[in-house]
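This document opens with one chain alone, in structure tokens, the form predicted on its own.
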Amino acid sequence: MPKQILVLGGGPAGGAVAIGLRRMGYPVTLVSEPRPFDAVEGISERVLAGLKGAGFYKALQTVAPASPRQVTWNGQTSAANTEHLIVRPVFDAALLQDLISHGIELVRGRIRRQLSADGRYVVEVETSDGTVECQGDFLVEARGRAAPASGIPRVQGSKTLSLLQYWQGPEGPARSAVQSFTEGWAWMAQRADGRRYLQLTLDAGSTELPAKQALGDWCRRHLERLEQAHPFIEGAEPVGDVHARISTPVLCERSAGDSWVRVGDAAMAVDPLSGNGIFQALSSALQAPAVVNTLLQSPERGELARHFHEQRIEGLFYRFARIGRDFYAQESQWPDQAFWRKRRSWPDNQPLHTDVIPQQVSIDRRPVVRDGIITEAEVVITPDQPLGIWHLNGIELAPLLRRVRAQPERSAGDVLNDALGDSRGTQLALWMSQQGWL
């Protein structure tokens, strides 16, 4: 009988793992607690593709068409980009319907107690109908930043605080904007129904905030000084309380065990500047079903599976952290302000991308996903791809690169055409050359 999977958290990461495991034939119970506050999020076209691949068809129907986004950074304004706005409560509700349609048992409520006994995980959930007990042989922790750390050591960036203020104005076209200012940066979004979301992101350690009852006026004064905020607040008024949340980048140094994994923000939470919250959540989750399947079906490969998962979580975290670092470094108007000084050099000085030369390209064995199991295969390793590249469009690359290197007197295109038995080798040789392998 297949092992019972227990997933805690019904966001994109937890949902993607649940669907992936259900497709593998595992019985899955997912516990989801409603989001405690209203929010809007901007996503890109590649996130839409990721959501579709994960099986979130009903959730996709809630995504608004692309709307314009203006960015004012380092004194320069650009309006070249667009993004799709999603209303998270509506999106999240549709996502849960997707889970039900995939055959996942859904329990809505707040987790009050969690324990493990006799090799099983048990959680007590307070639902609208009373307390329910959920059990599983394997635990997927996907409750975001709020997930208990459970004593796991963590890497953290500068402490960051985001203040979200709601405004209401007349109906109008959907749009969003970003603007930097002395103490941080602002993200603003407007729905077609006139609901506006204005968020200030600040350094938690150096920003002096007023008492809670005065926080709304404090936010309003800061927003009124921002040119990009004017279209969002003119003719509108704040409604409700300001919602404060910690948005510090955090990486759990352990994200997998013999009978558990962490995914999404529960494994690594990135700076909101990256604008890739859902994208990184999906990135950390889409290969997790293969990790879980390996831990359950091939425990002798457990160390390999855990290493695979943790390497990818860490790699994603530092990639997004360096993207944020480089964007922060572009803002030079307030170099001595604590917010900007702390963030333009974290997490390190390693470049996001490096020019690869053939002498830096090697072949070695690394963990990969094959038929839903983590196994080892030869991959091509470069400074930009330290975890290795296994195949391209289904073609394994390491054996082909070895053949090219073994015949230096011939053109790479001819060698690869012979190896593949058709003319695809010519295009593959061009791609390898563009990557710096040849």
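Just count from 1 along the sequence shown to find any residue number. Computed from a prediction, not measured in an experiment: that's the story for all the values here.
The following text describes the form predicted together with a small molecule, which does not appear among the structures shown.
J.: With the partner left out here, if you bring back the small molecule in the predicted complex, are P12, I43 and S162 all within 4.5 Å of it by some heavy atom?
T.: Yes, the whole trio is in contact, each within 4.5 Å by some heavy atom.
J.: Of these, 355-363, 72-80, 308-316, 245-253, which stretch puts a heavy atom within 4.5 angstroms of the small molecule in the predicted complex?
T.: Of the options, only 245-253 has residues within 4.5 Å of the partner.
J.: Although the partner isn't part of this model, could you tell me whether G144 comes within 4.5 Å of the small molecule in the predicted complex, counting any heavy atom of the residue?
T.: Answer yes; at least one heavy atom of G144 falls within 4.5 Å of the small molecule in the predicted complex.
J.: With a cut-off of 4.5 Å between heavy atoms, is R403 one of the residues that contacts the small molecule in the predicted complex?
T.: It does not: once the small molecule is placed as it appears in the predicted complex, R403 has no heavy atom within 4.5 Å of it.
J.: Please run the contact check for R35 against the small molecule in the predicted complex: heavy atoms, 4.5 angstroms, yes or no?
T.: Heavy-atom contact with the small molecule at 4.5 Å: present for R35.
J.: Test of understanding: in the predicted complex, would L99 fall inside 4.5 Å of the small molecule by heavy atoms?
T.: No, L99 sits far enough from the small molecule in the predicted complex that none of its heavy atoms falls within 4.5 Å.
J.: Among N293, S259, Q228, Q199, which has any heavy atom within 4.5 Å of the small molecule in the predicted complex?
T.: Residue within 4.5 Å of the partner: Q199.
J.: Note which of I278, I233, V123, V178 lies within 4.5 Å of the small molecule in the predicted complex, where distance is taken over heavy atoms; exactly one does.
T.: Residue within 4.5 Å of the partner: I278.
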